[in-house]
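Here you get one chain, nothing else, as structure tokens; it is the form predicted on its own.
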Amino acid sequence: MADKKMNFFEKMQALDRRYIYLVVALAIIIPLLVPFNSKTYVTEPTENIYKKIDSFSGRNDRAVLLCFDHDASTMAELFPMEVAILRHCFERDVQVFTICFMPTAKPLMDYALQTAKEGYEVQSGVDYVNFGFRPWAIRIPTMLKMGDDISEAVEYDDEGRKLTNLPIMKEIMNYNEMNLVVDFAASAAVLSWITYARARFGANVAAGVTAVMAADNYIYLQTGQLIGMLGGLKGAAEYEKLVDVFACHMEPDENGIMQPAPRDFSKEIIKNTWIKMSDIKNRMHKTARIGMNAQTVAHLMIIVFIILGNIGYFISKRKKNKVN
């Protein structure tokens, strides 16, 4: 029995690396093609962003500003959270503005808006406004001017319309009304919003960042300079779940027809609610959770290979010592 175990581990030690790469590749590809249900635990930084945005529901004197500070290289982590937050805003009748200061972010911002709008009767200039691209050189002046008057900081929207003529701007003037800025970044760009919008004008600021940048921003969560944060694909998956559990909740009416029935945030509801991936028809609405499934399986496979490799190494070493 011992010889058979030794032979097995020796074979694992000598296994062609290409087979290992193949197994890991399949561990990623299969969950992406065949989504399955897995538990998504929602953290407090994600909950705080959701609750803040939800508190603006139906109010014409409140709005959210989404800033796109990344390019296509980090789209896999940031795009799902952008779509999830936009869906939340459209579902709960929250006014939203979008802006970017990177030319490479402009098509991603437009794509996120077009993706999130599917299935919603929202109108540009009424329910949302895309400020479009603004050069990086005027980033800080724009932030500061928004603290006084948004329509002076950004005179025209992406469609060339004067901001003061848009219905959405009737009760929106500065950070007092546009009271939450969410910066999606793969860098330290969120710090500029903390420095100029938060410190100078008291605006609420939240971050949607890549996983490697999350650790750098936890200090701002601890100091309260960030009200919340979505970290990487995990944060995006958490927000997708919150939108499905609360904002997009459906219940049957007296005729048994399913109707929208949004409900308030509750930890107890999160704990006791199980969302079937098969019930979510639009794949874009579960992108992050599908990605987390693949990531989880791949990590487990890598851990298995590491354990087997280490066991095989020590068994082989022990065998050589006995021979010598």
Partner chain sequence: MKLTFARTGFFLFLLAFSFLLLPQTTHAAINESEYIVENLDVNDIPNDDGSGLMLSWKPLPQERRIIEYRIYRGITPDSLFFIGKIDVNVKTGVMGDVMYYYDTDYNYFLDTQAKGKLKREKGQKKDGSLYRRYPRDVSIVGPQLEHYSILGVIPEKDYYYHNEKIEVVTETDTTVYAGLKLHEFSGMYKKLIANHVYYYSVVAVSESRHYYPHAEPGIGIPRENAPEKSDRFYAVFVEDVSRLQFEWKLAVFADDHLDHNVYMLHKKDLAKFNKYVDEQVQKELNDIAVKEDSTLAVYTPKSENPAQLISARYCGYPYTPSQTASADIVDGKIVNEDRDIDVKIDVDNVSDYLFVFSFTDVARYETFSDVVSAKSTITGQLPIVPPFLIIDRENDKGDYNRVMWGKPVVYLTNSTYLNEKKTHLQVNYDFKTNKNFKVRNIFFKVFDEEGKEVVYVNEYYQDFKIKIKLPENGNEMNTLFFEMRFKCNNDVGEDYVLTQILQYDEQTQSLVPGDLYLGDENVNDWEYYIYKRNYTDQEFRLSKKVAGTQREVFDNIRYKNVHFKLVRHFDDEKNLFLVGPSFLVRRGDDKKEIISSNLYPKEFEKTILQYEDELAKHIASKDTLETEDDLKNADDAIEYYSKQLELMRDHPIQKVAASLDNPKERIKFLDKSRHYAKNSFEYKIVKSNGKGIFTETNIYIREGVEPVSDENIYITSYTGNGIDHFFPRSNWFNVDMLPAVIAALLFGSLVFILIKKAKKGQDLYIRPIAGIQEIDNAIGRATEMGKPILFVPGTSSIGDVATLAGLAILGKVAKKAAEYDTKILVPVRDYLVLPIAQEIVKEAHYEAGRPDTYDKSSVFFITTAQFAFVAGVNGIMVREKTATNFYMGMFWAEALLLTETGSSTGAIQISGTDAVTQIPFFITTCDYTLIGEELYAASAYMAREPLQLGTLKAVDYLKVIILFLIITGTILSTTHLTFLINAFPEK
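Since the model is a prediction, treat every value here as computed from it, not as a measurement. Positions refer to the first chain, counted from 1.
The same protein also has a form predicted in complex with the partner chain, omitted here; what follows describes it.
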Q. Looking in the predicted complex, is the partner chain within 4.5 angstroms of a heavy atom from every one of 134, 251 and 259?
A. no
(Q) At 4.5 Å between heavy atoms, is residue 283 in contact with the partner chain in the predicted complex? (A) no
Q. According to a 4.5 angstroms non-hydrogen atom cut-off, is residue 128 in contact with the partner chain in the predicted complex?
A. yes
(Q) Against the partner chain in the predicted complex, would residue 138 count as a contact residue? Criterion: heavy atoms within 4.5 Å. (A) no
**Q.** Partner contact for residue 55 in the predicted complex: the partner chain, 4.5 angstroms, heavy atom
**A.** yes
**Q.** Sequence-ordered list of residues in 231-265 near the partner chain in the predicted complex, where near means a heavy atom within 4.5 Å
**A.** 264, 265
